[in-house]
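Below sits a lone chain in structure tokens, taken as the form predicted on its own.
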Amino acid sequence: MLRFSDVTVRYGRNGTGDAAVRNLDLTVEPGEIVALVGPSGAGKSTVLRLAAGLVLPTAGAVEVLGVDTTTLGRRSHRSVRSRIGSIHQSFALVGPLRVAQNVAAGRLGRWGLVTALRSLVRPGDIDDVRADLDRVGIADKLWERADRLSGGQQQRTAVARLLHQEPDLILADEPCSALDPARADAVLAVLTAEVRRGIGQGSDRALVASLHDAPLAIRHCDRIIGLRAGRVDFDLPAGQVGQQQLGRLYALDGAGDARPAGAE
């Protein structure tokens, strides 16, 4: 589903800035549910942007769904992108449009121009849209304007849009950041269930999520990758990640250990 080979990303003019990730080797297989954890600036969002094709590596190779994305033409890239579902920290909703229209846009990659324009008036698959909103607990917001929702409701709308897309690879950048603990658990359970549902139907799927709450990641994900300063600090099954690994990962340089968000 995803393979990084000796990947380095440097931002700044002509890629001469500090490395956001460096010499990173990473493989995600079909069926895996993977959490990226680590302190701010560890490179978690950069990993997801690389996987989504939004950032190109300064060095190394990125393979997504079996394809080297750095070599794709525009049409081929669109075909691959239609199989990737992303949840961004900014939610990426169209504020003046209704919730139903934002969720229906999850299938935009499958549509031609006429269908896309028609969906701006009224989505054609409204029963499916309502069902996906119901899975995240806001079916009653179907015809609300997206910019009139609370932050948490907007985040759940973004999750429903991804569910509606039914992607093969789910990339979630802090999908629970605007949610209370109970709702965060519920939303992450929905995302992991979507991967397992696809596998049960004979479809290869995987989830890679960046999460600031390490205990939440351990509860829901099968594999935890700890990133620090753009490098992998540990890569372990969730059941093998404890305070020793997390304490080292979140330690403040020269100031002892810092507890990760949500840790006891």
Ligand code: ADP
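When you see a residue number, it is the position in the sequence shown, counting from 1. Since we're looking at a predicted model, the values are computed, not measured.
One more form of this protein should be noted, the form predicted in complex with the named molecule, which is absent from this view; the next part is about it.
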{"query": "Candidate stretches 213 to 221, 40 to 48, 61 to 69, 25 to 33, one within 4.5 Å of the named molecule in the model of the complex by heavy atom", "finding": "40 to 48"}
{"query": "Non-hydrogen atom contact Leu246 with the named molecule in the model of the complex at 4.5 angstroms", "finding": "no"}
{"query": "Distance check, Val241 to the named molecule in the model of the complex, heavy atom within 4.5 Å", "finding": "no"}
